[in-house]
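Given next, in structure tokens, is a single chain: the form predicted on its own.
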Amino acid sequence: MALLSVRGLKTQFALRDRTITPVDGVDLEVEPGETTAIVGESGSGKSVFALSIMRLLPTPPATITGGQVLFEGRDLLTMDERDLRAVRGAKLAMIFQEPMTALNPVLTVGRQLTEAMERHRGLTPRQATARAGDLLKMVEIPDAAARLRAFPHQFSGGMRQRVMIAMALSCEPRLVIADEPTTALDVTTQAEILDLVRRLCRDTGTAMILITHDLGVVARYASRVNVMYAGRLVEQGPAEALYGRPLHPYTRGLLASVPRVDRPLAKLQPIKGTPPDPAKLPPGCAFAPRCELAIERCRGERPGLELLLDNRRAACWRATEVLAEASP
């Protein structure tokens, strides 16, 4: 049984003069202990999808209008707030994209770490403080006991992100959603943070959804990949197979725009155009205006995510042709 099973999730935003659908019928599963990735350009709906799972979107303007989010067999979308709070933080946690806005600026780091442990694990303040110090040591923050008394603005960006990781793992959740956890960090710090998250999740048996636009990160850390475009998944599959033989033109475009150290130096090939306005999506495939393989059917009829190989799915009318061309 999957730890998390998302079925047909649909989220809409009601604006003054229009309604947009940044998440449109997404299906995704995460197995216990697995690291799966969601990749795509900015604006593809990745963060809204994560916040929809956690039910952290403001209502209004956001409304989850369809689907199920089954976590350990229970639908998070039908839970009342009391039951949801018992799950969120204790069994299901999130590492946010920008720690400076996610951390409370008027509370010490120690208090922000101890609060969840006192609530979800029933620790006394003294026990929670001792555990908080251990957590800061675990994420390699020096002089941990003294830093518990510090405020978020007294930490560097990389240190704040380590605090966010410690908070997410403080109650030993079964699943962590990491929403572009290294966006604002330099390359060296990015590698340190991601290695730390992977090691801690592996040591605790925690599953992870890694949301990123960095395909290099995905290749190193994820076992399965979900490619998202304009609010829908366009390809799913094991990381090694997807990198070796992408089936969707969008996935191929993403990979072609990334520098490779294992191939001769060549000019990068960016995807032409820009992602579509979510309020003005074309009637067919949303990627068709940017796709060099698009045919008339692509412009008038939207493809569904179909199983083409074992554990490989793609939403493309020409995916079987792409597959045939790539076959030995």
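Values in this document were obtained by computation on a predicted structure and should not be read as measured data. One-based numbering along the sequence shown.
Another form, the form predicted together with a small molecule, is not on view; read the next lines as being about it.
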Candidate site Leu70, Gly89 and Met94: all three near the small molecule in the predicted bound form by heavy atom within 4.5 Å: no
Selected contact from Gly66, Pro303, Gly43, Gly33, since only one has a non-hydrogen atom within 4.5 angstroms of the small molecule in the predicted bound form: Gly43
Stretch in contact in the predicted bound form with the small molecule, which is absent here, among 25-33, 267-275, 291-299, 47-55 (heavy atoms within 4.5 Å): 47-55
4.5 Å heavy atom contact, Leu307 to the small molecule in the predicted bound form: no
Interface membership of Glu180, the small molecule in the predicted bound form, 4.5 Å heavy atom rule: yes
Contact of Trp317 with the small molecule in the predicted bound form (heavy atom, 4.5 Å): no
